[in-house]
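Below you'll find only one chain, the form predicted on its own, shown as structure tokens.
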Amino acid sequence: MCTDTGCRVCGSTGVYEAFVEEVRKARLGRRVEVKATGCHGYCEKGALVVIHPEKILYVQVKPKDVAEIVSKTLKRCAVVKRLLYKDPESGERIVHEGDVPFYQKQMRVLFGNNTRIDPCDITDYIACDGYQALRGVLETMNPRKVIETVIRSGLRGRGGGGFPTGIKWRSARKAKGERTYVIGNADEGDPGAFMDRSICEGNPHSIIEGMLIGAYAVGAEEGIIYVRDEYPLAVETLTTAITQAYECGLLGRRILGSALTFDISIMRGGGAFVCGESTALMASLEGKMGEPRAKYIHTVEKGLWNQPTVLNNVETWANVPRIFLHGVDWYTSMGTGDVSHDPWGGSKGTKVFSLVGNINNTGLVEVPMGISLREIIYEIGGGIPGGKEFKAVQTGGPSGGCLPESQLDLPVDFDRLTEAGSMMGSGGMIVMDEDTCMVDVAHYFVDFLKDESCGKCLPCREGLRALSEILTRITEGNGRSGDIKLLQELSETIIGTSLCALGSTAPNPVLSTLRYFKKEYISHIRDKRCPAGVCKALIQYRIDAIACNGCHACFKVCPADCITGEAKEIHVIDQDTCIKCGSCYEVCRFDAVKR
């Protein structure tokens, strides 16, 4: 059963304890093992329980359901129908995990073992071919061959930049220094994103094995995993995994009888979004303020403590063992483009996305590069709740762009998303429905980035403040005729002159909403109207005299007592005292309240 952070909120710890007790009482301990695992992905339906080997999936399980599952499924091989997934269209109950639509179009290369292994038991990882890739590398390959293999695989960084991993390793191998460092970046600060957390919580040894292979390739003896302080379970799981790896001789000196010596430690970040940027992260590790530095000297040459440093996102590190275990041809069969002659020539492998927002099936999805946005949102995500219309999807976190319905058939890869005005980023994907105001969305993300800016460079510090002020003015009904042009010019200036990627990508929400939703800006500025009815200063609730039947529902819920009218008579809203809370609009069953 899933016992990661998300399912723990749904009570999975209690479910696990109930299973342990019921299996003991039923004397099934010899043939039934109760296993706490990492994230299964389908967070919307937690707590999740899978019965192997048949892979029977039970959803939204509570501790009170456990006795019935043990009695029927574990003892008599019968299913508990009420706990099976119910297809919303057909009403059919689906028994097996692989037949659930949420999982059918996924390609769970990294997350596949999450439903099978206990992340705190290294023998589970080894039973799933864990550390076999490392053994093969140490026995049959020299560092140069390892780097060439990673280059040929086309693996690109999953933290947001999309830089070819093998090229980075090759540069670090050539760099001169007293020692070389390897860093795993798990400082995940995007709102609504939890991909890195789930990898750390569910399969920490895949990260460790990837870092070991990378350390061998670049000649490093020390590694650090930088984890957000807000991820206590991830820190706990990684700590356990590292301890067990040392006990098994997979960390330390002469690993697997080879000449490789490698140590890993964990550092906890203080929650600064900017520390996801490589140079700011390294400054934080050195005990300094988390501020980026200019990139005229690359971190692979002079990074942590001014020494050659390889920094990759933890999802990138987790991909590395799979490449060496299954081969380059297997890996390049997934994804888009041709990387045989150019590592920048495509997007290979899979990508984990955090699918959240106005979507029926929220959770973590792992899909092959090149899948369309439409497939992710409608076939995996189940579409928009409440029968509402899709409006936009933001990819790439707060620095990503907002893409409209016309872009739903866009293949999801590094290059196509960038061309469309968005980005892959670390893998956040926020879906928005028809009730979303895109000007308000741009305002929200600019405000977030303004607060997270380190303030070191003027374009980012003052530019984001100015963007926020203009957007605030527009959403409050005080927009000016030249504001759209000003937003465009200011955004381009920030992109072209900022010190680091936070500033150079921060205007993306503004530019993409201007590109695809310009009419909403015009409505706010010229017509003083918010089409989505979100910006309070631009909303005016009124009651349609023809539609109103005097049911008195709006009168009863109004907290400002601004609605007048007797029962079964037409009601009126006093605009001077209305606080625009929207209560009347929400309770009216006759569509009489307009905005």
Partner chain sequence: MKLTIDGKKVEAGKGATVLEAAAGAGIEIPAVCAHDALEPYGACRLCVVEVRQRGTSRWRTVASCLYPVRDGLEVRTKTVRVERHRRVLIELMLARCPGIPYVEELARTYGVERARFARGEDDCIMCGMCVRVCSEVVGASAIGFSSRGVDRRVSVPFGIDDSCCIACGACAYICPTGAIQMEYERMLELRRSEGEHRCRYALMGLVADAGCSFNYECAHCEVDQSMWERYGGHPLLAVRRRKCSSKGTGPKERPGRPTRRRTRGRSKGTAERRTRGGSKGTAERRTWGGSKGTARRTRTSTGSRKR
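Numbering follows the first chain given and starts at 1. It should be emphasised that the depicted structure is a prediction, and the values quoted were computed from it without experimental measurement.
There is another form of this protein, the form predicted together with its partner chain, and it is not shown here; the text below is about that form.
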G161, E375 and L410 each touching its partner chain in the model of the complex (heavy atom, 4.5 Å)
no
Which one, 520-528, 283-291, 143-151, 322-330, holds residues whose non-hydrogen atoms are within 4.5 Å of its partner chain in the model of the complex?
283-291
The unique member of A175, A420, M267, C457 whose heavy atoms fall within 4.5 Å of its partner chain in the model of the complex
C457
Candidate from A259, L486, A78, C128 lying within 4.5 Å of its partner chain in the model of the complex - any heavy atom:
L486
Exercise: E462 in contact with its partner chain in the model of the complex, heavy atom 4.5 Å:
yes
Test of understanding: in the model of the complex, would E492 fall inside 4.5 Å of its partner chain by heavy atoms?
yes
Given that its partner chain is not shown alongside this chain, does I470 nevertheless sit within 4.5 Å of it in the model of the complex, heavy atom to heavy atom?
yes
Is A272 a contact residue for its partner chain in the model of the complex, using a 4.5 Å heavy atom cut-off?
yes
